[in-house]
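In the form predicted on its own, a lone chain appears below as structure tokens.
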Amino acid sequence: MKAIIHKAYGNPTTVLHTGSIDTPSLGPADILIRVHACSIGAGDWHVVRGTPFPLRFAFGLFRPKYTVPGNDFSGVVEKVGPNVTTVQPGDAVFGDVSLVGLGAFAEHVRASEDVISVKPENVTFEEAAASPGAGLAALQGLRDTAGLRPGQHVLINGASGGVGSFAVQIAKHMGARVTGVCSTRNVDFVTSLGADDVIDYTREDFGQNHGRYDVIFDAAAYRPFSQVWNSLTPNGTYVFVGGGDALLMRTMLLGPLRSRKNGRSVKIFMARANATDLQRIAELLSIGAVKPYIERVYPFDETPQAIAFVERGRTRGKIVVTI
């Protein structure tokens, strides 16, 4: 099969190339899916770069452990192992293979029942491919990590990005009041997603809005949490979802210490694929409560360029690759 090959860490446009490898073999609980589309997230370029360094303990210390990168995909089931009960050949599905060996940037991907969901009929393959990682991060981060409740006020930093755009829509569906933070060019876009208020960070510092937010969902951290600490209500929660490596390490080290001082809390979050939550994402897509925004669609051979584009930042919504 045709696949994007990854054998060294570095610049996506130099260390990735299109090649031919064997189609994955199946075990008793495995599913073989012909991929129609896949999407690019921040996790993909981090894996290709091998940064931050602790990530290499999972993905290969000196060279990539997995030959084919890629997390999020949509496609059609071709074969199933004898122990598979939830899907059958011909079913359209989508999912996230970040926990089961990657491999989405290829004509076929091997997955398991617990990391996929059936694709709604009214959702395109491109929309479905754009949804797993970003949708799970928004859903699990707001519902489970932040404990967001109806009527609460949530600020979403990075509201125009992949995770942020899902978070705005999911928070609204959960009954929260939503303030989005983005650049000038994305103010109208974030408003169209359903945000009640939008802060243009080039003109206003949301860190000066003291005591306004029950939850700060930071999908684009560019400042230490200590600088926005006073923007939380007395029992508010700051959730670090994405940002620079240095800020991540600082939040990991200092967040627990700051959380002990009063009712506010600092939490670091990483999404984990599971069938139940993917089915919930499918429901939200099906009823139109969430609609992915796809900024660009690349052909398969330009996957390295697509990853490089996402790495530069400022992506509106999601980037999708079609096969």
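Predicted model, so just to flag it, every value in this text is computed and none were measured. Position 1 is the first residue in the sequence shown; the rest follow in order.
A second form of this protein, the form predicted in complex with a small molecule, is not displayed here; the remarks below concern that form.
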| query | finding |
| --- | --- |
| The small molecule in the predicted complex reached by all of Asn157, Arg185 and Tyr201, non-hydrogen atom within 4.5 Å | yes |
| Partner-facing stretch of 82 to 90, 215 to 223, 169 to 177, 107 to 115, counted where any non-hydrogen atom is within 4.5 angstroms of the small molecule in the predicted complex | 215 to 223 |
| Residue among Val68, Ala42, Leu278, Val48 with a heavy atom within 4.5 Å of the small molecule in the predicted complex | Ala42 |
| 4.5 Å heavy atom contact, Leu16 and the small molecule in the predicted complex | no |
| Contact flag, Ala306 vs the small molecule in the predicted complex, heavy atom cut 4.5 Å | no |
| Any non-hydrogen atom of Met270 within 4.5 angstroms of the small molecule in the predicted complex | yes |
| Close approach of Gly95 to the small molecule in the predicted complex, 4.5 Å, heavy atom | no |
